[in-house]
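We give structure tokens for two forms of one protein chain below, kept apart as structure 1 and structure 2.
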Structure 1
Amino acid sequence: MSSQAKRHLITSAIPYINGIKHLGNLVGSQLPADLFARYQRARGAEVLFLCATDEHGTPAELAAAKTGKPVAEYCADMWEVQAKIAEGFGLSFDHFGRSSSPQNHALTQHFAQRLAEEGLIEEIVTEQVYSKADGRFLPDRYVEGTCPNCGFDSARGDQCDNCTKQLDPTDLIDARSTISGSTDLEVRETRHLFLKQSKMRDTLDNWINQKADWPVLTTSIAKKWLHDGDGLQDRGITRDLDWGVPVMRADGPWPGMEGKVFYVWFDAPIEYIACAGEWVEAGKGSDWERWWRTDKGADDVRYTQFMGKDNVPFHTLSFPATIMGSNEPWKLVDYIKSFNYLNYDGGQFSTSRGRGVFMDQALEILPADYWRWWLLSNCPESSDAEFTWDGFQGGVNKDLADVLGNFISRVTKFCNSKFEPTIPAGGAWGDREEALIQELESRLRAYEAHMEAMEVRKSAAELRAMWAAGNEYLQDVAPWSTFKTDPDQAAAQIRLALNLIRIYAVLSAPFIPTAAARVCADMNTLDMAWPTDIRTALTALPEGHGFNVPDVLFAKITDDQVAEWSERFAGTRD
């Protein structure tokens, strides 16, 4: 199904509830998903854009304990914080849900029962790491040690982030508890439910082989998990924890599973579906099944997921195994856009050491659009990318201030001084205007193609090139000189440029929505129609249409600010 479908279901990887995320998390899923959602809405598509907080498991329990709050209260408070930050960054979710919702509890239990009925759930007595110092079984991610595959010394009990190999805690060398640091660990028996993913291996392999248009990053990770070593393994879907979705069948208790909860990586992706039910419950929409069930109309929906590369195995294998294994008509993902990592100034972002810029801090020092533009125009698509303050300063100052902001300022101020703050009449277009129209038409088609293909950096580069074309046009025709000898021709040049401002605002809105809305307000127009034909769009604001001369759209970032922020975010955050 083409990305030019009329209905788009879009989800971004749901963030853990335990704390505020850094800019690398933002650009790895939510921000590019928002870009795509905004673009598709601008092109007239019906969009359902969903995200939520991932609230279950030990991360939530430990974070709550540090604050002295009950875990449910902590999660409710942090959901408010994350929702507010998302709003601050202009993330246009149709609904921002919670994996602890009643809808997700019911749906998770439903899927588990259906998988059991299809013969894909097995009860197994397993050996699990128990920490004497902590007095508890340790979830996979709370056991760390050295990876037996690549030697990385901070591999987690479920996966090595360095080589992405799937692990069990007992595979780790020199294992330790991440809660207490204790190495006084022992293996004890416990009974759990396992999803028999191995029975789905051929089905998943055939399905992935059909996705020739997926990014190489996505398919290569999926294939590695399917075929390396012993291939796709059966996976435990329950844990010995207090906080989570209780292990029950949809129709009642699950004998032998009392006191256990479903593993967070089983219930978290199901929240994508449950979130649509929450959207309806909140009064924001109706008939969620037309988005998620192919027997209810979802056949014409194109479903796109956005995520960092560490989430790819669960979204290409485990979640599809859950959906396919249920043997029910649920909508499967059509396209997975995965991203590499954004590093920070020669190293990694670190939540524990406060290294790098976190989302709340970013909004404290600069408006969201500064961050949106730089992150998207430099997002880690084909390889890891790096945030540096010098690079950020250069990107903002050159692109937003010197190219886009400068064009808008020069045109509006000149028109106001030589004519009036209205679209001037007189004159006609000539060869230079025709050349500009042809260039803009060509670049617009390229911009649209890149956006449809979710090629984020190429889209940003094409948009900037359209901004630059306007500046080059101004330099060539020099209306300030033309005005001295031919005011009517200068009026025609400025009339085109003023209309070009509106076009820039519309095309830029997916990237910098707040600034785009401000530009349209200054141009006194609510017309945000996509400029499918540049020539026609250049006459959208008629002669005599009034506008306001805007203030500075993007202030330049100074060297003093860069020095201050470099020191502030070097790793001093508690």
Structure 2
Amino acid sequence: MSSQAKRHLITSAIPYINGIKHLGNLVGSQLPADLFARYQRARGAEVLFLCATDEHGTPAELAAAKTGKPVAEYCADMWEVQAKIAEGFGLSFDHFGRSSSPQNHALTQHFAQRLAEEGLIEEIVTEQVYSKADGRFLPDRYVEGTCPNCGFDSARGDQCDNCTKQLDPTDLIDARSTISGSTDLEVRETRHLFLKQSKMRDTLDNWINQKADWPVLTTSIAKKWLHDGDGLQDRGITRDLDWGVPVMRADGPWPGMEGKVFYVWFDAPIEYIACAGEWVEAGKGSDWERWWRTDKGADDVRYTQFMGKDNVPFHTLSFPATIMGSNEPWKLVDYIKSFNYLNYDGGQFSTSRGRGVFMDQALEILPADYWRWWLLSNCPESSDAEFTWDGFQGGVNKDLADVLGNFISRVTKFCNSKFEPTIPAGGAWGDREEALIQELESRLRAYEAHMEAMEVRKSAAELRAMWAAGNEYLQDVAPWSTFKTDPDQAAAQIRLALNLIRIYAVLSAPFIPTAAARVCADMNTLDMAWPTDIRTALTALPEGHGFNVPDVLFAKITDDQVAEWSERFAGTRD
């Protein structure tokens, strides 16, 4: 890749503060983003990898109320929880921020003012359901009642789940608040700010049309929203809530907007930028504008976003509309990598039903690398993917335990028993070694190209093939046989194999960082240099270099465990 960028800004879709995410959420954004960030760092690029919690909105308020905590405290606590779990999965964020940060408040208000100055904000009076008992306006989906169409008694204000008819809250018969159950509701007028996305439509359309190299999933969703029906619609960017960024201009109050906050979809993506400011405030960096302002050094940055398909409209349209509409030199995204959904054993993961494996539970039962490997090597790239316990057990046991783990085990133990726990001297390479080098060189180039292109599954397959090549080599040259007649030749063979272990650790680290670090520790080396030239890299550990014979690197998942876990995580199915 001659055009390889040297500076990478990478963001993962920011998870909502309300609760712990499941494996489908993880594999749809944070995990592949981490893979890419780790790979780029390993290749020597300068990387700023950012993520945060998305904290505003009604669901957070309600979740906090349920726990009896003030919403700010609830969010602070849940941020801790999510940050700790992210750390457990080895997600190497340079900073894990919060959309409720002062930086985001300031930037959100700044963008709103800029958009207003550019004529892209319109004030519109709308009608909203107000609950006197709750003392608040209710979002459509928090109003329930009987569907006027089919008679279903739990139809929501936005749609009836029974007959799928789209509704207006005022259509409902015997409407009630889902928060308190109160039927003391009334329709009140309220004034809100709308972002005039429709004025940006042609600009966005032209921009998307230039992105021929983006995943079809990304562009098809964007184009659908641009061209479907009447085209891109203006969107309300404010709400009648307490918890959020107050609707103000950067330089003062916004008359008529007192007591209102910006809607979560407006402030959440701005947190990508604000997070860089938090990164500086946390003392981890010194100049965030160098990453985000093309007039201040960010013109050579390549910015890549990772997200699930449900987030694509915001990232292809709404957020770019905010950025472009500001008419300021902010860095626009260069590439949007989007993912489909991961299903759980024939159905969807379900938070409400406790169906499927959630991030905290996953870490309780197995090391992060097991999940990282399987999720990434089976990630929902071209279509929805399926998690099954059989598939997970088979994949992990075969790839990690048998192919990689056992290779390390057989090589180190053989060396230890026939020689010493030291890289043995003697012998020389021949044709078989040359053939192996050729194969690895060729596979490594393919691996690099796939990683650069964020072809996650293909990258994993290529990496695995490199692991397998080591086993093929060993089987061919059979050092256990050559040792009997020509110990020097066996020494040369096992010396190569021991060096291969270090190379595998380096190449595999983006996928399985913890195991890779452990292997390097066992091999007694700090040399994590990318093996650009395989031939040279195969001599990195010199003759006489001592190592520790490692314990089992990946214990296998047993049938009993699978039986127990499939029962435990099945949830309450109907």
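Just so we're on the same page, rigid core means the largest C-alpha set that superposes within 1.5 Å between forms. Since the structure is predicted, the reported quantities are computational estimates derived from the model, not experimental observations. Reference numbering: structure 1, starting with residue 1.
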- Structure, 1 versus 2, that is the form predicted in complex with the RNA: 2
- Examine D77 after superposing the rigid core and state whether its CA is displaced by 2 Å or more between structures 1 and 2. no
- Is_shifted S442 between structures 1 and 2 (CA, 2 Å cut-off, rigid core): no
- Rotation (°) of the smaller rigid part relative to the larger between structures 1 and 2? 35
- Quote the shift of the Cα of E186 between structures 1 and 2 to one decimal place in Å, the two forms being superposed on the rigid core. 6.5
